[in-house]
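Only one chain is given next, in structure tokens, and it is the form predicted alone.
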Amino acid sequence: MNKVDIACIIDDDPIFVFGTKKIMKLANFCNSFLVFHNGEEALNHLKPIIESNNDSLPDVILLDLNMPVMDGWEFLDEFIKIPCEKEITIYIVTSSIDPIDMDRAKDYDNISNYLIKPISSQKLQELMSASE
């Protein structure tokens, strides 16, 4: 399994964020984290980094769908408009089992997978093995 340099978690649930960071550390998944509590906060932080061609972009984004201010769909719609040379792997990680959400995710080429919470160490390892 290749270790990710920077993993980004965009989720408003502090318990999920805490648990996911812990699992990522135990799985030796990444070197560092970026954590944002809604899509707008993430977009405001990531857009200038992308536009300046800075190396500190995440390799992987774990994106929740249901958040205040700007939800995951709104974030995706804005994020894909930003020209970016680096390929960033985006996983939707949500509690939504709604088939409409699952089908909608298929409309985005840059979404690698749709995962139902909670996420496990084993699931992280499977994702990284699949991306090798």
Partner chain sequence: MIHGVMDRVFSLIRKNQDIFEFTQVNALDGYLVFNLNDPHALWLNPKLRSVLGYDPQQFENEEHTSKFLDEENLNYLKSLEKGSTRIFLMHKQGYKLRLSGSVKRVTEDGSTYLFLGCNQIEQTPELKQKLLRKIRRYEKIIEGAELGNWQWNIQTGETIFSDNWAEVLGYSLEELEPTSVKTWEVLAHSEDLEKCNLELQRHFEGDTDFYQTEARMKNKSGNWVWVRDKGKVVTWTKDREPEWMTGFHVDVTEEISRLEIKKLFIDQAPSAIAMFDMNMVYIAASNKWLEDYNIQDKEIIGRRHYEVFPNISDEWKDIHKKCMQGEIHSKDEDCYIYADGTEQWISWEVRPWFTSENVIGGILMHTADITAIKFAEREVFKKQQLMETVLESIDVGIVACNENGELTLFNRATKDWHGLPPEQIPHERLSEYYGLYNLEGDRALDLSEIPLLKVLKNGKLENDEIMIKPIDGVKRKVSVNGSRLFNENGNLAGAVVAMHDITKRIEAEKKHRISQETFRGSFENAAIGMAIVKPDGQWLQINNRVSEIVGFSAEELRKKTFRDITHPEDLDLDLKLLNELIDGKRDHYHMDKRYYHKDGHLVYIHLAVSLVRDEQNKPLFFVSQITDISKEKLAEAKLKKTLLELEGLLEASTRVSIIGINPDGIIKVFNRGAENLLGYSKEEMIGIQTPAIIHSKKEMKSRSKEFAALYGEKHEGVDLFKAMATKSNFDTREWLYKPKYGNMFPVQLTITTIKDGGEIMGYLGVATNISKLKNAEKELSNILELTKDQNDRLKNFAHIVSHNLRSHSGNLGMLLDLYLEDHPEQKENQIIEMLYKASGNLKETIDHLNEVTVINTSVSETLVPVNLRKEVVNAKHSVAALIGNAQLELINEVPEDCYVKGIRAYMESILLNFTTNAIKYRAEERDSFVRFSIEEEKNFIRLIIEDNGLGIDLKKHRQKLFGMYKTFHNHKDSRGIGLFITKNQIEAMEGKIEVESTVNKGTKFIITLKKHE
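Treat the numbers as computed from the prediction; the structure is a model and nothing was measured. Numbering follows the first chain given and starts at 1.
Below, we turn to the form predicted in complex with its partner chain, even though it does not appear here.
K.L.:
Do heavy atoms from each of 13, 118 and 121 fall within 4.5 Å of its partner chain in the predicted complex?
P.N.:
Every residue of the spot touches its partner chain in the predicted complex.
K.L.:
Please determine, with the chain shown alone, which of 39 to 47, 103 to 111, 22 to 30, 72 to 80 has non-hydrogen atoms within 4.5 Å of its partner chain in the predicted complex.
P.N.:
It is 22 to 30 that comes within 4.5 Å of the partner.
K.L.:
Might residue 94 be said to contact its partner chain in the predicted complex, defining contact as any heavy atom within 4.5 Å?
P.N.:
Because a heavy atom of residue 94 falls inside 4.5 Å of its partner chain in the predicted complex, the answer is yes.
K.L.:
Are any of the heavy atoms in residue 98 no more than 4.5 Å from a heavy atom of its partner chain in the predicted complex?
P.N.:
Residue 98: yes, in contact with its partner chain in the predicted complex.
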